[in-house]
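Form predicted on its own, single chain, as structure tokens, below.
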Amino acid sequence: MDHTSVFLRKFLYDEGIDADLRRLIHTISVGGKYISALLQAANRKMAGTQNTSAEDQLEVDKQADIILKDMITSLDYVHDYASEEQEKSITTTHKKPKFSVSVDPLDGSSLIDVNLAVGTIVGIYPSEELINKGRYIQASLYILYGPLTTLVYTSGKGVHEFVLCPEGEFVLTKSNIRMKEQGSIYSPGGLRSEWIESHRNFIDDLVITDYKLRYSGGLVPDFNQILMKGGGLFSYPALKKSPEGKLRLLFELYPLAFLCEQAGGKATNGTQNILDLTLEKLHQRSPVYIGSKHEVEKAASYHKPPKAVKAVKATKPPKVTKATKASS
């Protein structure tokens, strides 16, 4: 390993962030190492259970959740652990908690049996603000389990990527990652037959302007591609039968929206910024358009209600008088 390599722990220290937040992020990264090892063991066995969204669970789904839950809730400054795999959040009995944590332990696990990339998504909030708005988020990260295991993180001071090296350390590979104002790729989620008209028209616009389709069906790898390629758009819209879309606000969209904004991008539900949406229930869903500002704002232009046309007040024809007759 290069002696000049910057390890995750040192990078977090040099950023000057809160010591407990540093330890929390490092703990999550260690959990990611265990999950990476689980995936390399090719554990594709179905667990015979479903999560709170009635999705069949793999055994590795449950194991990933257990690993993160046990590691995170053991920290004496964590108040809540909320998992996409569990119906309710877990509140600890720690006396002086500082943080609440939301986790999607293994997003995209349905892709494991075909050997495509999957990921872990984490959001970190003040202890009292788990159920509120995304603007309270203090840090977010995702871990991508692909040909390499990478961790992409922000604490509000830019977006940075680390790669898990054979020696077992996450090492800095890219810092201050930025998106361009406009990209050239798009990842459209949901069945086209279920798209609402405004979204279909928007995607058709991207197609005829030569955007390249790049879609694996996994949120983390598809968002990561847009981020690392410098721009583009991932979308999962409101659907005819599911007007709230598919993706969860707390577990997936708040953390990725924070990362996206820190990289100079934007994330909306079509009209409102994702981080400004109020979370009213733990597993709340939302449509999402996330990526470069140009594409996200173009999507918004398709979702605006048409302007009302003002009625023109009818005017009576001028009254004909004897004087006007004479002058004519």
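As the structure is a computational prediction, the values presented were derived from the model and not from experiment. Residue positions are given as counts along the sequence shown, with the first one as 1.
Same protein, other form: the form predicted together with a small molecule, not shown, and the subject of what follows.
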| item | value |
| --- | --- |
| Heavy atom of residue 126 within 4.5 Å of the small molecule in the model of the complex | no |
| Non-hydrogen atom contact residue 140 with the small molecule in the model of the complex at 4.5 angstroms | no |
| Residue 248 within 4.5 Å of the small molecule in the model of the complex, heavy atoms | yes |
| Touches the small molecule in the model of the complex: residue 243 (any heavy atom, 4.5 Å) | no |
| Stretch in contact, per heavy atom within 4.5 angstroms of the small molecule in the model of the complex, of 75-83, 168-176, 151-159, 209-217 | 209-217 |
| Answer option from 109, 120, 100, 224, heavy atom within 4.5 Å of the small molecule in the model of the complex | 109 |
| Contact residue in the model of the complex, chosen from 145, 236, 202, 258 - any heavy atom within 4.5 Å of the small molecule | 236 |
